[in-house]
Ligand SMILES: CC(C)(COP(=O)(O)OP(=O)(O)OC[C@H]1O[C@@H](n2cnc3c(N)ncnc32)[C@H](O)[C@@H]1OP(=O)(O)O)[C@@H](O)C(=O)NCCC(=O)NCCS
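Given as structure tokens, the chain that follows is alone and in the form predicted alone.
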């Protein structure tokens, strides 16, 4: 349970009845495609074989959940165990209260107890709210861009766009992560503080209505620090102007693939002055 809140309780979900509540919450969070719902029998099997399904309850109501399971990744010394965090969902009426952060913090505690030091998951890099949670608040990092990770998606949040994703790494025992999850979390750096470091800057281009457009030709990344602007309201853009949303998808695909190939790592995310920027640093020494 998050020590700063008293209106929810977070606990493990392990019964068929409660797994069906997770099914129902998925339909609220990702409406429109029944085939994309992870069924209760699969959730239950994962939970009984090393996976974790954590639920946030307000009384008897399930208002959020996080689901993940063990997996492997390759190292020079052979396969190594990790935790693959597959889903994080919060009831629409319970968003913007810190519940997503609390669920991830509970997951972090249990995965550490399992003796695993790495958690990975994917998210749409154009969603600024998710970027703020995953990168800025939780301390995950990223240098992996996956094109069309889930193929054509049909739910109401993803239909019509290639399902490109960041795969982030959450090194659960690192000082970076521990500092962000402690009760004395480090203060967020502002946009002005980053600009004072004279980074390489990839800004968006506003039109006469104030809508943000990607630049015509992204420059090649250079310098120690790179700031990449994305729209703060990509969900609204996708609903109102799918062509512009697709422009943003292909532009950021090129920017991040180039940057990662050149040795950059996403280390922070800044939402300041109504604008959203990824912060990329050159070299893993930034960890």
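Numbering follows the first chain given and starts at 1. What you are looking at is a predicted structure, and each value in this text was computed from that prediction instead of being measured.
Just so you know, the form predicted in complex with this ligand exists too; it's not on screen, but the next bit is about it.
K.L.:
For residue 108, is any heavy atom within 4.5 Å of this ligand in the model of the complex, or not?
P.N.:
Because no heavy atom of residue 108 falls inside 4.5 Å of this ligand in the model of the complex, the answer is no.
K.L.:
Within a 4.5 Å heavy atom cut-off, is residue 171 in contact with this ligand in the model of the complex?
P.N.:
Residue-level check for residue 171: no, no contact with this ligand.
K.L.:
In the model of the complex, does residue 98 have a heavy atom within 4.5 Å of this ligand?
P.N.:
Flag for residue 98 set to yes.
K.L.:
Although this ligand is absent from this view, report whether residue 69 comes within 4.5 Å of it in the model of the complex, heavy atoms only.
P.N.:
Output for residue 69 is no: heavy atoms all beyond 4.5 Å of this ligand.
K.L.:
If you check in the model of the complex, do 89, 129 and 132 all have a non-hydrogen atom within 4.5 Å of this ligand?
P.N.:
Yes, because 89, 129 and 132 each have a heavy atom that approaches this ligand to within 4.5 Å in the model of the complex.
K.L.:
Would you mind picking the one in 30, 57, 260, 251 that has a heavy atom within 4.5 Å of this ligand in the model of the complex?
P.N.:
Selected option: 30.
K.L.:
Where, among 192-200, 206-214, 178-186, 133-141, do residues come within 4.5 Å of this ligand in the model of the complex by heavy atom distance?
P.N.:
One stretch meets the cut-off, namely 133-141.
K.L.:
Can you tell me which bits of 232-264 touch this ligand in the model of the complex, meaning any heavy atom within 4.5 Å?
P.N.:
Going through 232-264 in order - heavy atoms within 4.5 Å of this ligand in the model of the complex - there is one hit, 232.
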